[in-house]
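One chain comes next, on its own, written out as structure tokens in the form predicted alone.
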Amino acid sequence: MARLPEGTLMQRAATGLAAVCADLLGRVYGRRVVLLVGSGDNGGDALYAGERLARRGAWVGAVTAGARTHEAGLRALLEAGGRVVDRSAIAEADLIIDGLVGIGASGALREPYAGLAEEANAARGAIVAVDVPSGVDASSGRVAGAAVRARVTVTMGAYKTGLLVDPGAAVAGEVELVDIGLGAYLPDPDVAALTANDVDDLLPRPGKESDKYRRGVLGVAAGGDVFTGAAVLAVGGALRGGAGMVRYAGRRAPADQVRAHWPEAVVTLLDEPSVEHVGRVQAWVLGPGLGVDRWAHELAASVLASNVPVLIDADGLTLVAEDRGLLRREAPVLITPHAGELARLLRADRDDIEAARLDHVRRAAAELGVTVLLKGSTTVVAEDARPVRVNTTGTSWLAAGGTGDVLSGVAGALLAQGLSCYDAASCGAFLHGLAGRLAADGAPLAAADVAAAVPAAIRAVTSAGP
């Protein structure tokens, strides 16, 4: 801002905002546009965007809510034929531009902002939010009260964390980034989201000299007499995720199911809760459907006594929550809890975790000394002193039993192929979410469908074959 003439960045922002609004309207001339204008700069962005739409023939009215209004922006709007209107105009708008509060706001919206947000949500017009929907904490995604539910959010200069993490992401709609020239001046991020190209760069590929051992051997200690299917799904996710070999170790009931579903897997029937004689592996998946009895605890201790990376999920997390001493090991650990499991690990409240996912995933990584993949409506990956990675793929249809077991298998396969816990978790979540979208295609899915779609997800992000 110090290097440019005053108002330059706002004019760039308004131009991008107006272009998105025009595309959404389709035909600008004669359409009714209402601006919700607060005291801050995003109110100015809305006013200047309204000016541009008014000059193209739109009826534009501004509802001013703040103690002050951006004077130059309001003057430009009035000179272009716009007007100041009362809040009754919201109901008849074809398009509503939310410029109430910006990225500096935190906490619940106060009146009249809260009421205007609710009226906008109830109106028939599409809502375009400026930078972040009003009511969303831009730095965390928290929503403390009323919040605007946008169809599109036009964010300026850089993506805001609150647009990527629920509950903020859930009300942001489609996010459009307007480049206003900030790139060279931005600090390193503390939150990142992998793209398909990033995942493509990170994914291991077999070479001409590869064999099943060089491609990664994953051990899976999962399933019990009650949840036999968890073992089947975890092994399936691992095989579909690219492991050269999967060694399954478990009790008879799940072992029989794994043999029946996956003849490719090498199955070891355990008479004793020890993996000492299972064979060499490069990583382990521990916990899905395992049970939480003494036998399961001893098996978990045996797996965690190894010197290879271990992914812990489901019942394995319950065992660790009861005995944190299991985590005292030199080799890396990746845990994949949902909010309830993380609540038990941290002795915290599940609702608090859901409301502040970033805070709690960072706390867990630091306190437990592990990499954490927190599952849920927004999947986030944390490792101490690294940016939190937010996963942008997925679908609500993935909220189905067994899909987490598939994720464990996919991420475990990437661990066995040599990725770090941080990268295996991030890439595994991306591929799993994309596989869920492909498998669902707008309809319900079963966990086995997700496993079957993993190769298609890998093909979708891989720019060139091995």
Ligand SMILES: NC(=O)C1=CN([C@@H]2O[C@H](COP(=O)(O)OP(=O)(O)OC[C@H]3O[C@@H](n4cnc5c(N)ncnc54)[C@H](O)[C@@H]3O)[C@@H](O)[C@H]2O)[C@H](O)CC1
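Values in this document were obtained by computation on a predicted structure and should not be read as measured data. Don't overthink the numbering: it's just position in the shown sequence, from 1.
The following text describes the form predicted together with the ligand, which does not appear among the structures shown.
Review point. Though the ligand is not shown, can you say which of 325, 263, 207, 107 has a heavy atom within 4.5 Å of it in the predicted complex?
Key: Selected residue: 107.
Point to revise | Contact residue in the predicted complex, from 286, 96, 231, 130 (heavy atom within 4.5 Å of the ligand) | key: Here the answer is residue option 130.
**Study point:** residue 182, heavy atom within 4.5 angstroms of the ligand in the predicted complex
**Key:** Close contact exists here: in the predicted complex, residue 182 approaches the ligand to within 4.5 Å, heavy atoms only.
Practice item. Although the ligand is absent from this view, report whether residue 9 comes within 4.5 Å of it in the predicted complex, heavy atoms only. Key: Yes, residue 9 sits close enough to the ligand in the predicted complex that at least one of its heavy atoms falls within 4.5 Å.
Check your understanding: Any chance residue 39 has a heavy atom within 4.5 Å of the ligand in the predicted complex?
Key -> Taking the distances in the predicted complex, the answer for residue 39 is yes, it comes within 4.5 Å of the ligand.
Review point. Is residue 356 close enough to touch the ligand in the predicted complex, meaning at least one heavy atom pair within 4.5 Å?
Key: No, residue 356 stays farther than 4.5 Å from the ligand in the predicted complex.
Practice item. Name the stretch: of 313-321, 109-117, 254-262, 163-171, exactly one has residues whose heavy atoms fall within 4.5 Å of the ligand in the predicted complex. Key: Only one stretch passes the 4.5 Å heavy-atom test: 109-117.
Review point. In the predicted complex, which residues of 79-101 put a heavy atom within 4.5 Å of the ligand?
Key: Only 101 sits within 4.5 Å of the partner.
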